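Coming up is one lone chain in structure tokens, specifically the form predicted on its own.
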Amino acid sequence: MIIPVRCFSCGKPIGHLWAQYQGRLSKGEDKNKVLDELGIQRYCCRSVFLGHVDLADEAAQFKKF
């Protein structure tokens, strides 16, 4: 749904970098270059960014009972 505040494995704070990451990707930059420049070096943290699927807009369409 939303990006976690911390990495699931190592606990490094990564949530504050999501907006920058998305903004730079929308400009057409390479994913690996952006992650390196944001300081996301560990495989576990990179997997959180690369594997994240933003479904918040789709889930918001449904009504709660």
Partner chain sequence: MEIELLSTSKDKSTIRFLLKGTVPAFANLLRRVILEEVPVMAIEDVDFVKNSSVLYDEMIAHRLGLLPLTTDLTFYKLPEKSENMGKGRAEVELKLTLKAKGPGMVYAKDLQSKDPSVRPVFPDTPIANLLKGQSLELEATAVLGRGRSHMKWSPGHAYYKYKPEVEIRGEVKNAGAVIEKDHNKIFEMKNGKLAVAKEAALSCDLSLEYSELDPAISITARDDEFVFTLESWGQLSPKSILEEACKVIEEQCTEYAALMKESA
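Positions refer to the first chain, counted from 1. Since the structure is predicted, the reported quantities are computational estimates derived from the model, not experimental observations.
In what follows, reference is made to the form predicted in complex with its partner chain, a form of this protein that is not presented.
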Exercise for the section: Check whether Cys10 has any heavy atom within 4.5 Å of a heavy atom of its partner chain in the model of the complex, and answer yes or no. Expected result: yes
Exercise for the section: Examine Gly23 and determine whether its closest non-hydrogen atom to its partner chain in the model of the complex is within 4.5 angstroms. Expected result: no
Exercise for the section: Give a yes or no for Arg46: in the model of the complex, does one of its heavy atoms lie within 4.5 Å of a heavy atom belonging to its partner chain? Expected result: no
Exercise for the section: Using a 4.5 Å heavy atom cut-off, state whether Leu50 contacts its partner chain in the model of the complex. Expected result: no
Practice task
Output the sequence-ordered list of residues from 30-59 with at least one heavy atom within 4.5 Å of its partner chain in the model of the complex.
Solution key: Arg42, Ala56, Asp57, Ala59
